[in-house]
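We begin with a single chain expressed as structure tokens, specifically the form predicted alone.
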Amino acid sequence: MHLTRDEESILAGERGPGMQRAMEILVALGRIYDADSLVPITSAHLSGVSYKTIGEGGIDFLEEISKDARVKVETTLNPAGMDLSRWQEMGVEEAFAKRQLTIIKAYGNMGVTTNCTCTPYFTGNSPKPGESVAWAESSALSYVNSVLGARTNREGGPGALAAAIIGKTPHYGLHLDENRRPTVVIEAEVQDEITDYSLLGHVVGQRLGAAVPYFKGIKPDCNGLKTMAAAMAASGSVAIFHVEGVTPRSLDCDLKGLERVRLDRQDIRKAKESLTTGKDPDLIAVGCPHLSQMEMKALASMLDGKRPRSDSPEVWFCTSRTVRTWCPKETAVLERFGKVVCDTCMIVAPIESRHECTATNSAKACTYLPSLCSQKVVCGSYAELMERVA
């Protein structure tokens, strides 16, 4: 991989150990993936935030690199393991909270925006078409590639942080036109409901793995697109997809000779049944990926004027701090039935210490909850879940 003189000087340690460490990571990634050079980026989004997932080793790495390294581009953070201000209400232990706040402080010291969300594209970090970026978090990077038309590989947490510090990332993979073209056509039939799009994504990811699907027959809005992206990345490793007439340049794609797969409502129903492993949830958690302003309004509309059920499980409405600020009336309605929690979600929070069965509308969450949180799972639509609440 070709390095400029400035990049070589960073690698040699002439700009400090933090930048040197970051450049070492980028050079190693470039060599692994046969990148020809480094390309400038306009933003980054980092995973590896929850203490539950990165532990003491992650803290050691962050504290060391944050001694003298600072990010050069707009950089946002993925969800943490708790609401940074309401962690006690979530039942998070103080020892966990202290270590989580240490992680947030280390990122903040490097100039990272610590509004922890998996949907930063809804709250300001929204790359333009054609821009190269370095995004971790599988659902966010898929949305950026597919819906916004920017370019990122499926970055890991350290690689995305290194790119943010240097302001560049290795030029390979989805930064190249030839790797962004469709590889299979999906002819789909679904109801226009966000949970169905999530389940569709689950089926596609499970069946096709790392394909680049091109969807025909569906018209998801931004919420359907984000939940579909999340599910495909969780059950498979889809990092970019196209939807006919919806995503950028979809009508320019060449579909000649591609395999065609037909999916209908029966496939959606079977996916929902296969993901459901429990019956009586003691936690209902929605917002994976984080609830948008539109979803907050829809959920509040379902519950407004109703009374909380006496037998309702604990309820979390997971969103970003920014969206919660935008939705004061909706937040007030939802808080009558549960907690509007920010900075976190059910997957990266230590829910296994207090809960055994979680109900959610997210196929991504259904995929991860059994292994990461030791949960039985109930998969349902927003309407079905809210019937358990009011």
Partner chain sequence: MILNGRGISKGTGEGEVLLLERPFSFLGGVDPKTGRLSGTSGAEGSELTDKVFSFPCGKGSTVGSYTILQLRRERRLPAAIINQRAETIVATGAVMAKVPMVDGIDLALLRNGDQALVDGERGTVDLRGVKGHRVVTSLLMHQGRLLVLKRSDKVSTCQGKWAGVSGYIEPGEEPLQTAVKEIEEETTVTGAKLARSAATVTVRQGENIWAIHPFLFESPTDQITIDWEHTEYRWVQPSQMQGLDLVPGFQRVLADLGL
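Not measured: the values here are computed from a predicted model. Numbering follows the first chain given and starts at 1.
In what follows, reference is made to the form predicted in complex with its partner chain, a form of this protein that is not presented.
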Which pick from 361, 47, 43, 358 sits with a heavy atom within 4.5 Å of its partner chain in the predicted bound form?
47
Pick from 53, 325, 37, 353: which residue has any heavy atom within 4.5 angstroms of its partner chain in the predicted bound form?
53
Verify the contact flag for residue 21: yes if a non-hydrogen atom of it lies within 4.5 Å of a non-hydrogen atom of its partner chain in the predicted bound form, no if not.
yes
Would residue 333 sit within 4.5 Å of its partner chain in the predicted bound form, counting heavy atoms only?
no
Would residue 224 show up as a contact with its partner chain in the predicted bound form if we use heavy atoms at 4.5 Å?
no
Please run the contact check for residue 329 against its partner chain in the predicted bound form: heavy atoms, 4.5 angstroms, yes or no?
no
Do all of 291, 298 and 308 end up near its partner chain in the predicted bound form, with near meaning a heavy atom within 4.5 Å?
no
Under the 4.5 Å heavy atom criterion, name the residues of 276-309 that approach its partner chain in the predicted bound form, in sequence order.
none
